[in-house]
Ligand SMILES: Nc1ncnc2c1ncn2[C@@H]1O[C@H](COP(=O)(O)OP(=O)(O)OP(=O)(O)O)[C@@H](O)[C@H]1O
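Take a look at this single chain, the form predicted alone, given in C-alpha cells.
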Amino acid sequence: MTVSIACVSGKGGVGKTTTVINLGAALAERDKRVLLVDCDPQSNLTSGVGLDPYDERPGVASVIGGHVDASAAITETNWPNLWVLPASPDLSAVEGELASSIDRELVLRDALRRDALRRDGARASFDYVLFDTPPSFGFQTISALAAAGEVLIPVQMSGFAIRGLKEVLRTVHLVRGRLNPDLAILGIVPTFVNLRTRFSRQLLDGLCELANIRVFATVITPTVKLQETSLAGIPITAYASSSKAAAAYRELAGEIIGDEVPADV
C-alpha cells in the first residue's frame, strides 16, 4: 500500500523542500519506490532534482488542468527508485482554469488515483508519494493535503515558526472536516537545530512536550552542504553521501519506515 505524505509548514525557509527531496532520496536508497510531487509554483523541488522548471514538459499543472494523465507527466530522475511529478511557474494560474466547485481541491487526488488504477508492470505503484507544498495555505497546499494520508511538519527552531505550527494544525483540521477525513499527523521534524545554543535546546524541549504530536528523534542541523545541493540539483545522499546531513535524512527515513501507527491530533 502506498504511503502518501504532504510536507507542510505554511512558512518559507524551514527546510520543507529540502526535506522532501532528501527524505525521498533516502527512502529510494532503501529500495522504496518514491514519487515526489512538486505542488509549489516556485518549483524548487523540480530544480532540486536536476530538472529545469521552464522546460516544455507536462507537469502537475497539466495534470490538475486535465490536459494529461499523471502517468504522462511523471518523470524519472537520475537516481534509482526516484520519480518526480514536476512543477513550473504555470502552476500558480491553474486554479483559475478550474470551474468553481467545492471539490476542485480533489482534482490532484483523483488524478493520481486514476493513474494508479491504470498502471501495470514495473511502474505499477509507488511505495511512497511525497508532496512538497508552497509556504501558504492556498489551493496548492490544500490539494496536497486532500491527496495525502499523512502530514509531515518541518519546524524551524524559532519562535515565529513554532507559533505557525498552530496554523498548520488548524488547516489540517479544516481539511479533515471538508475533504479528507482520514488525514493524520505523521509528526514534526525539527530543522535548523543548533544544539549548542540554549535557545534551540529549549525550543526542542518545548516541541517534545506537545501533547499527541510525535516529534521525530532526527533533527536537521544547518550545513553548507545542504545549501549546495539546491544549486547542484542533487540530493544530499548523492552529493555528500558520507555527510552528517545525509546521515540525518537516512535516519529520518528509518524512523518513518518503522512508524506503523502515526501520531494524531
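All residue numbers are counted from 1 along the displayed sequence. Model, not experiment: these values are computed from the prediction.
Although not depicted, the form predicted in complex with this ligand is the subject of the following passage.
- Contact with this ligand in the model of the complex, judged as any non-hydrogen atom within 4.5 angstroms, is confined among 23-31, 219-227, 56-64, 235-243 to 219-227.
- Within this chain, I256 is remote from the site of this ligand in the model of the complex, having no heavy atom within 4.5 Å.
- This ligand is not shown here, and in the model of the complex it never comes within 4.5 Å of any heavy atom of S47.
- Taking the partner from the other structure, this ligand in the model of the complex has no heavy atom within 4.5 Å of any heavy atom of R250.
- Shown alone here, P135 lies within 4.5 Å of this ligand in the model of the complex, counting heavy atoms only.
- Note on contacts: among F192, W79, F126, F139, the single residue with a heavy atom within 4.5 Å of this ligand in the model of the complex is F192.
- Counting a residue when any of its non-hydrogen atoms is within 4.5 Å of this ligand in the model of the complex, there are no hits in 69-98.
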